[in-house]
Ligand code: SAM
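First, one chain by itself: the form predicted alone, in structure tokens.
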């Protein structure tokens, strides 16, 4: 186990498998930027499955416990189930997937489960076509909802991620709860975050977790649940119902103090913060003559010197305007 300067251990890696996505969510890949003229990564610029596995194998020296596969849209990577099976073979306790759901049919879900996938999180922006078109003009609501039902059937439960933006989909909080309240799901309401540089984030667009909680509690009784260690969300049970709700409050209640995760970007850079401006080039190391021991020592050195707490600094106004650009979410995987 390795700890950083703030005594945070490294236990969790999020891997972006591709910078491509079939959707264009405004908070992640706005269509005006990520259009036909946008230069996506070439296949040769992506880590191969073998390179990903080599890196994970090195990280198992540090008590790595959990891996989440993200994107872009991770199901766009062919044969992802083979990667999952081999990751589980390395002794990783929990392998999870975050997807927009468009490509998650029954056959795919069962194949993922068979190869060792432990859990699925599906992103849902809205239940209304008019609002959905504002947030994500390429989305197919029926496919996303079908994917949620499929995930519950195959995996026994599902997480639903809802990025809440004030006066856009903030009026739909209760509608979404009413839709899924009798199912074994955790509906996670996420404050709109300033990831990357293209989503036109500003504080006025943030609908706080406190406001969301207040909206829900006027209609439902919420019972506090014990939060998992190092979890980004606070969890509550809807009384006498199957569903749980969670709140991810990066803006109003930063959780940097317990962050135990790093990220591997689609182009093979290792980042120690979602809001990073620089990363370590794992792909270059793996394709050079450098030894695995050198790579292992470099990662240990990087994490042991880590002091990242961007959200805390943002909240306390200790981030200067001259800060370099942050990595886009489609590269770093959210």
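Numbering follows the first chain given and starts at 1. Since this is a predicted model, take the numbers as computed values, not measurements.
There is also a form predicted in complex with this ligand; it is not shown, and the following applies to it.
Every residue of the trio 70, 100 and 199 has some heavy atom no more than 4.5 Å from this ligand in the predicted bound form. Taking the partner from elsewhere, residue 264 is found to have every heavy atom lying beyond 4.5 Å of this ligand in the predicted bound form.
Interface residue remark: residue 28 is counted as part of the site for this ligand in the predicted bound form, having a heavy atom within 4.5 Å. In the predicted bound form, residue 123 approaches this ligand with a heavy atom inside 4.5 Å.
In the predicted bound form, this ligand stays beyond 4.5 Å of every heavy atom belonging to residue 245. None of 166 to 174, 82 to 90, 186 to 194, 111 to 119 except one has non-hydrogen atoms within 4.5 angstroms of this ligand in the predicted bound form; the exception is 186 to 194. When you look in the predicted bound form, the only residue of 208, 132, 161, 233 with a non-hydrogen atom within 4.5 Å of this ligand is 161.
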